[in-house]
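Below, in structure tokens: the form predicted on its own, a single chain.
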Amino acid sequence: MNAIIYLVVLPLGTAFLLGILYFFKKTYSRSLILVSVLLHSGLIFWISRQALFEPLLYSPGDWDRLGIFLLVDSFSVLMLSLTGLLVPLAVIYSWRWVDHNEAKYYILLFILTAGISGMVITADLFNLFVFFEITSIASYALVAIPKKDASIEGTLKYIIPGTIGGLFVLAGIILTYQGTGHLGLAGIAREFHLIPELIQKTIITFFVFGFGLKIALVPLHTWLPDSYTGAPLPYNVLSSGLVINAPLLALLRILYLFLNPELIQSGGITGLLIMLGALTIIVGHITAYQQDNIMRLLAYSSVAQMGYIIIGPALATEAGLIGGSLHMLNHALMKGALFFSAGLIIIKARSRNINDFQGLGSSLPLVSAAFVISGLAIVGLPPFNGFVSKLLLLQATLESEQFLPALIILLGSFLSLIYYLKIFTILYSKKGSSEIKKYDPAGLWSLKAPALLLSSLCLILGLVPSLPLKIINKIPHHLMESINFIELFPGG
């Protein structure tokens, strides 16, 4: 059996075994969790290394006629690498953070990992929808798992738009299959132009709306801040870095393969997505500035960052796709560091209210430094990674003569600087430092290490951006030229 299938089988099998182990012998459960998550990450990086030389294709059964394939190419490698990094860190962090419903939490975490991995590597619409729903259901359950008022409310506000989004995606898949007779992306890419233009526009609209709800583009974003407020913090890291990025990857594959860059630009898709991206940046940042709860602030910041990410690929140029893909990677690292470090600050302050963080910078020097570094990175200041990706996005918009989104990118960075500076000022304020609670998480390295690692990567990738760009520069070859993608498959 090809190793690619184990990217899904391993986490699903672990979830099943955990259910049995927690029932009979809970003692060994953490050992299984650690071994499985490390094996999965090792498998990801081993497969990704091979896929950078040549895309890997696998058919899980005799489904060639329907185009049922699993594919690992450079675009898949980007998201798989994030999965291989963030999931182990979230697991390590969870050992100290999650103190109730452990069995259900870790089972759902592995199901979520399987769903995300499947969405990233599937090359057909049938499995895309299956893994899309697996990811969604696991996400709803993880948000609800604390069983508090905020988590239940967040789940209800998440599950309703999520279900609606899923129905639109399913409708788009049904219309696509009726029009082309194919489920595989390669077959659809060959036949999509034969569908009547009105049906084409309807299909694309369904996909943009359906996935747009999961990506949290304004005005389809309102579920995200409420879901973050009551969810376990490690899940928020995975949500901002993986759960909302995986549907974006799926949407971009559909747009670029079903249409082509020229049709995206001339058919109004570029204008629509740029408008949504610009609106998402402004609304996200302005609303983040108004928040006193650190979780809601970071949630609205994630909304704003999705605006930056969508603008790049919306340009339908190589420079835009590279800039957007790099910012997708950078956002996952920056926001992961912010959430992880914010968790320790919350423990110290025993509050999620930003005003209660006064004076904590001196008592939590490493964690506060990690928060400041990742905060400056997400604002887009040099020498951090966010500066590089925002600069590439700015250059791409100017090259395409899209001057308004270029201005929005600059304005959004300025707005984010204002509210992050407010947090930094409170953290390092001397006022209230004598009233800091006695509880000291100084020895909790399982909580500190993820924040310090990701914030260090924000600096390293800012100083040496060529490291991620070696992968990302290969993305346009198969994504922007559908013929190159089609040729990967039998009969292509």
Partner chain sequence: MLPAYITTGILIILGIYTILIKENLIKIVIGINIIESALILLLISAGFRPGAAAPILNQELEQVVDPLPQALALTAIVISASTTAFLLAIIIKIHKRYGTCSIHEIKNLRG
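Residue numbers count along the first chain shown, from 1. These numbers were taken from a predicted model, which means no experiment stands behind them.
In what follows, reference is made to the form predicted together with its partner chain, a form of this protein that is not presented.
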Q) Is there a heavy atom of K157 no more than 4.5 Å from a heavy atom of its partner chain in the model of the complex? A) yes
Q. Hey, in the model of the complex, is A144 touching its partner chain, heavy atoms inside 4.5 Å?
A. yes
Q: Answer for E318 alone: is it within 4.5 Å of its partner chain in the model of the complex, judged on heavy atom distances?
A: no
Q | Contact label in the model of the complex: V130 to its partner chain, heavy atom within 4.5 Å | A | yes
(Q) Exactly one residue in R350, H100, K148, H193 has a non-hydrogen atom within 4.5 Å of its partner chain in the model of the complex; which is it? (A) K148
Q: Answer with one of L366, M275, L404, I152: the residue that has a non-hydrogen atom within 4.5 Å of its partner chain in the model of the complex.
A: I152
Q.
Counting any heavy atom within 4.5 Å as contact, can you tell me which stretch out of 171-179, 342-350, 257-265, 242-250 lines its partner chain in the model of the complex?
A. 171-179
